[in-house]
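So this first bit is one chain, no partners, the form predicted on its own, shown in structure tokens.
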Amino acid sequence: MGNVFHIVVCGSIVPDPLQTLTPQVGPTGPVLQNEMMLPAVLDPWAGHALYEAANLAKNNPGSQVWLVALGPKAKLQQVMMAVSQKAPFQLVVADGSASGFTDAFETARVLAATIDGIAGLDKSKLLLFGGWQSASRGSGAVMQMVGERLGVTEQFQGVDKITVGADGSIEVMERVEGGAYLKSVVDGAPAVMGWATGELPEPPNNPQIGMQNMQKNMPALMQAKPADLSGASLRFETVQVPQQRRQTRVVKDAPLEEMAREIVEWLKA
């Protein structure tokens, strides 16, 4: 019998990166100006994880892919119309904020509880995929905490390639400093993979896959339960766009030591 995996991909929506994002303080905390009006896309990091998951499932018959998304279901529905044409998956939705100001700890708690509720999920076959980072948050902590909550301690971050052996073992290539890779081998599932960019291109649109996906995913959107993100573990005092600063002074024949001293003093200030 071949290798069979239950692959859960954690990924949500983010504002289209071509938009101008202006933070402001709202009644319930920091928000983006006109956030609900901004066009949204699937988080690019999560997108890489989803495409790698779909390819892995295709090469290992019997495997299944779930996309677990925490976000406002009205915006998710718009994005899923396009994403569903890329790869086959079963959508699982937690209806809540996808804001980058949501605490990573609270996000991980909701995602782990949502994954626990997936019917038919065999945790002995679980591969938990997600973005190494996030285009909205960039904390690099959510996937680690979700894995810990689910009891999965074999974790790899910055993954670009995995190779499944005939015995079910998985060779993992993780990015490390200096453009090098750390190669590891895990005996098999369960494991957490925080993906970087992977090695696969974005799949072309396939309307037939899209139709099959949306037949399953529309009910999932309609039946999405509200996510409780009310924890008070994080509080923002203020939010603002970083200010640009430029201070230029032209000096001829300055000693290198003097230049270095001035740069250090400027950084300290």
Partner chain sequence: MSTILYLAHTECDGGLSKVALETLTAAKSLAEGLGAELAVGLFGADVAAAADSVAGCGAKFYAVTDALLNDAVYASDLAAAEALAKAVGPDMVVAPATSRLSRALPGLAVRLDGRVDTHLSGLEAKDGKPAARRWFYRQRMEGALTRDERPWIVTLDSGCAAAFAGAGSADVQAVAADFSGVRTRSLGVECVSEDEQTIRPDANVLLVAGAGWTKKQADGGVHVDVAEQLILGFLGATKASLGSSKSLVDISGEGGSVISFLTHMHQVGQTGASPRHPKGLSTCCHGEEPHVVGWRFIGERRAINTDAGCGWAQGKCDVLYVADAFALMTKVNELLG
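Here, rigid core means the biggest group of C-alpha atoms that superpose within 1.5 Å across both forms. Quick caveat: nothing in here was measured; it's all calculated off a predicted structure. Residue numbers count along the first chain shown, from 1.
What comes next is about the form predicted in complex with its partner chain, which does not appear here.
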Can you pick the stretch from 68-76, 85-93, 145-153, 114-122 whose heavy atoms fall within 4.5 Å of its partner chain in the predicted complex? 145-153
Looking at the partner-bound form in the predicted complex, is Pro242 within 4.5 Å of its partner chain by any heavy atom? yes
Do Ala227 and its partner chain share at least one heavy atom pair within 4.5 Å in the predicted complex? no
Leu32: heavy atom within 4.5 Å of its partner chain in the predicted complex? yes
Please run the contact check for Pro44 against its partner chain in the predicted complex: heavy atoms, 4.5 angstroms, yes or no? yes
Is every one of Phe101, Gln157 and Leu267 within 4.5 Å of its partner chain in the predicted complex, counting heavy atoms? yes
Does any residue in 155-181 get within 4.5 Å of its partner chain in the predicted complex, counting heavy atoms only, and if so which ones? Gln155, Phe156, Gln157, Asp160, Glu171, Met173, Glu174, Arg175, Val176, Glu177, Gly178, Gly179, Ala180, Tyr181
Using a rigid core superposition, assess whether Ala260 undergoes a CA shift of 2 Å or more between the shown form and the other one. yes
Rigid core superposed, CA of Val251 - does it shift 2 Å or more between the shown form and the other one? yes
